[in-house]
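What follows is one chain in structure tokens, specifically the form predicted on its own.
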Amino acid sequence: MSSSWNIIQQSLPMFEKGFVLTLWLSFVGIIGSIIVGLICSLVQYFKVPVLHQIASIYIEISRNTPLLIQLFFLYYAFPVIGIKFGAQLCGIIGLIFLGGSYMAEGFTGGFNGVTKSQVESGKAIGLSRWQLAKYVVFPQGFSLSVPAMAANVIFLIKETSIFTVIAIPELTNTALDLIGMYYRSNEYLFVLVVGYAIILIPLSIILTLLEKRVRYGSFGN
């Protein structure tokens, strides 16, 4: 038991680096996904010519291809045509590419939940399409989208474990490297599970509380 604890202690500095990197990649990827998702969702909601079709094609391709394949394409196929990204940038682009489509679907569900009467009322008082989006559709639709957005945030953080295939030293890659070097699977997998639990459990609780607050606030209004 003491031997296992010593092994865990010795590995903590490496896991700490992987933990910080996982948080950073997740944060950037999630923010990027929300931005892309919002843009695509609004473009689809207002059926902007040409952009509406492009957004639909992007969402279908992104949602129907695994992140693993997307990362392979970014990291190994693009250099063949002279476009080369670092591993971490590939990971962020891949996460945003995947997450943007899921966020777009979530936001679209929220925006479609805004009653037509409110949209028609906005048009009746002369609001432009941009003003409708800013003052009517976005505020209400965003609050209705919080449950889907929360689920996607958790999903995207867990998807960072796939980054190990392009040698990004996040939590999973760190654990696999240590197992490969020292053959102590139980200890390193235990630290890996604890690392993800430290990220996901508090975040899940916070997002659940936020979802309840938004839901009851909406009902109160």
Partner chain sequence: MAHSGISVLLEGTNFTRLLGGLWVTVKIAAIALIVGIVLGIILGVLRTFKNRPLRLILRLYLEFFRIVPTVVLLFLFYYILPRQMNFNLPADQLATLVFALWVAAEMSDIVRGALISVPKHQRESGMAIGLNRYQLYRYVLIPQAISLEIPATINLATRVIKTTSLLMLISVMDVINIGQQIIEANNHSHPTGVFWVYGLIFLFYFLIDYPLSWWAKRLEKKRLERANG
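Worth saying up front: this structure is predicted, and the values here are computed from it rather than measured. Residue numbers count along the first chain shown, from 1. Rigid core (definition): largest C-alpha set, two forms, superposition within 1.5 Å.
Omitted here: the form predicted together with its partner chain. The next part is about that form.
- Task: Indicate whether I81 is a 4.5 Å heavy atom neighbour of its partner chain in the predicted complex.
- Result: Yes, I81 is a contact residue.
- Look up in the predicted complex whether L12 has a non-hydrogen atom within 4.5 angstroms of its partner chain, and give yes or no. Close contact is absent here: in the predicted complex, L12 is far from its partner chain, nothing within 4.5 Å, heavy atoms only.
- Message: Please tell me whether any heavy atom belonging to I39 falls inside 4.5 Å of a heavy atom of its partner chain, as the geometry stands in the predicted complex.
- Response: Contact check for I39: no, nothing within 4.5 Å of its partner chain in the predicted complex.
- Message: Within 4.5 Å, heavy atoms only: does A197 come near its partner chain in the predicted complex?
- Response: Taking the distances in the predicted complex, the answer for A197 is yes, it comes within 4.5 Å of its partner chain.
- Message: Just to be sure I understand the contacts: of I31, L51, V193, A167, which is the one whose heavy atoms reach within 4.5 angstroms of its partner chain in the predicted complex?
- Response: When its partner chain is considered in the predicted complex, the option within 4.5 Å is V193.
- Among 129-137, 86-94, 142-150, 72-80, which stretch sits within 4.5 Å of its partner chain in the predicted complex, heavy atoms only? Only one stretch qualifies here: 72-80.
- Query: Even though the chain is shown alone, can you say which residues of 57-77 have a heavy atom within 4.5 Å of its partner chain in the predicted complex?
  - Reply: E60, I61, R63, N64, T65, P66, L68, I69, Q70, F72, F73, Y76, A77 sit within 4.5 Å of the partner.
- Query: After the core is overlaid between this form and the one not shown, has the C-alpha of V114 moved by 2 angstroms or more?
  - Reply: Shift of 2 Å or more: yes.
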